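Form predicted alone, single chain, as structure tokens, below.
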């Protein structure tokens, strides 16, 4: 079982750290604020849910539920009581260990206060309903191996937040992202948001089929990553300048295929394939 400890960040906010792999959850500005900026606001979550007949969120890497709770807070405030179409939040993780640790330390973490009973019901039953507007479901298992068998409605939003590629490469591989992209509905806009700014992860996402752009700034991190099945949805898509000035010269731009991943520059064959990606040969007007 994973072991955790509480850690105080530079701004005084408390988060938690997994001792193996040694990773701090939301290390920049803390769980609640990072989740709000990176996922909820950047995805225009409430606005899009209001316009959809059935809005579905995939929360990949539930962890200690900071991203899920940020979404629930926003949706509870933003959706009217008589909203006719429920929003479904599908959370995925291998274990509930970080969630259970967060429950034990709810007062110190802060963001989880008020959600304790809902989380206990979610863990016990696998599903909890929040009024008439929101359904929260839990899926336990290895997402990277279970994804092909999932029989769920395609997501409109993906919060992608597993452990980093260093400790959890399977979740960042070309194979996994290709399977995830195949689950999307080409007739429904989907946005994927993530904290990374790594060149090789962006390359891997694009080679899996996603269109990829610069995501919002989070605290001292100047940009994160946003991906989509709709290139027109990206405010700042990666372009040919990024391809030439970053991918071509980077020592770590090869897509993640083999595990363990070996840092390497992109091959000529992969570079040629990447250069044919539609977003690198065209400029799209923003339609989000």
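Since we're looking at a predicted model, the values are computed, not measured. Residue numbers count along the first chain shown, from 1.
What comes next is about the form predicted together with a small molecule, which does not appear here.
Though the partner is left out of this view, residue 115 does not reach within 4.5 Å of the small molecule in the model of the complex, counting heavy atoms only.
Residue 143 belongs to the set of residues with a heavy atom inside 4.5 Å of the small molecule in the model of the complex.
The small molecule is not shown here, but in the model of the complex it comes within 4.5 Å of a heavy atom of residue 171. When the small molecule is considered in the model of the complex, residue 94 lines it closely, a heavy atom lying within 4.5 Å. Scanning 163, 101, 181, 195 against the small molecule in the model of the complex with a 4.5 Å heavy atom cut-off leaves one residue, 163. Interface residue among 38, 62, 227, 49 relative to the small molecule in the model of the complex, by the heavy atom within 4.5 Å criterion: 62.
Residues within 4.5 angstroms of the small molecule in the model of the complex, judged by any non-hydrogen atom, belong to 154-162 and to none of the other stretches in 154-162, 82-90, 120-128, 197-205.
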